[in-house]
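Take a look at this one chain, the form predicted on its own, written out in structure tokens.
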């Protein structure tokens, strides 16, 4: 990036200017192109990771009224079935939260004396009795929510197909405070729709593959699913059989999930 200029002054003396810019500046266009491409790639990589549900949604753990519902105690220690509180999951797209009367059924004044309810525990659950007596709902904060441009996640379709709660929510029975385990992103949903077999567990009346019958559904029995069915290659053949028997076909077309 230079040029040669020759001229003579009034004195007749010749002046020569061989270069205006230093020679290393010849590399600037190449360096700028490489730097621009690298910056663009970095921006794409950062957006690809950080501007996604996997980064922003996984681990979401909102503060709940009264310190929250301890699933580790209720679903874990006490062994309560998920459907006792989320009673519509087998017949509705929505996994309803329990009414205050459901909570009050166990936490009414004096109801838990047989469980040796401590004064501390009674104080923590007072918000339930207060809401019930006032005729008000408990304003639980929603943890799992798909975007508004997605149809409601059809819980009944998945539960009735034999997909365990643990596949989407993790083992809730181990959580003192519920948090979001999976991203619930479109790619995550499609991965399961393309290969649903690993998520299938026994349903009521299913053959256990050994000539007997599984009399009870394991869809909500999270510890058994976690122990025997999650990522267990020994169950793959049986899960493939159920996939065929249940005529499962997870849709992949846009209209199945989007308005």
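Positions refer to the first chain, counted from 1. Everything quoted here is computed from the prediction, not taken from an experiment.
The discussion below concerns the form predicted together with a small molecule, not included here.
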With the partner left out here, check for me: in the model of the complex, does some heavy atom of residue 135 sit within 4.5 Å of the small molecule? no
Any non-hydrogen atom of residue 58 within 4.5 angstroms of the small molecule in the model of the complex: no
Using a 4.5 angstroms cut-off on non-hydrogen atoms, would residue 142 count as touching the small molecule in the model of the complex? yes
Mark residue 193 yes when one of its heavy atoms lies within 4.5 Å of a heavy atom of the small molecule in the model of the complex, and no otherwise. yes
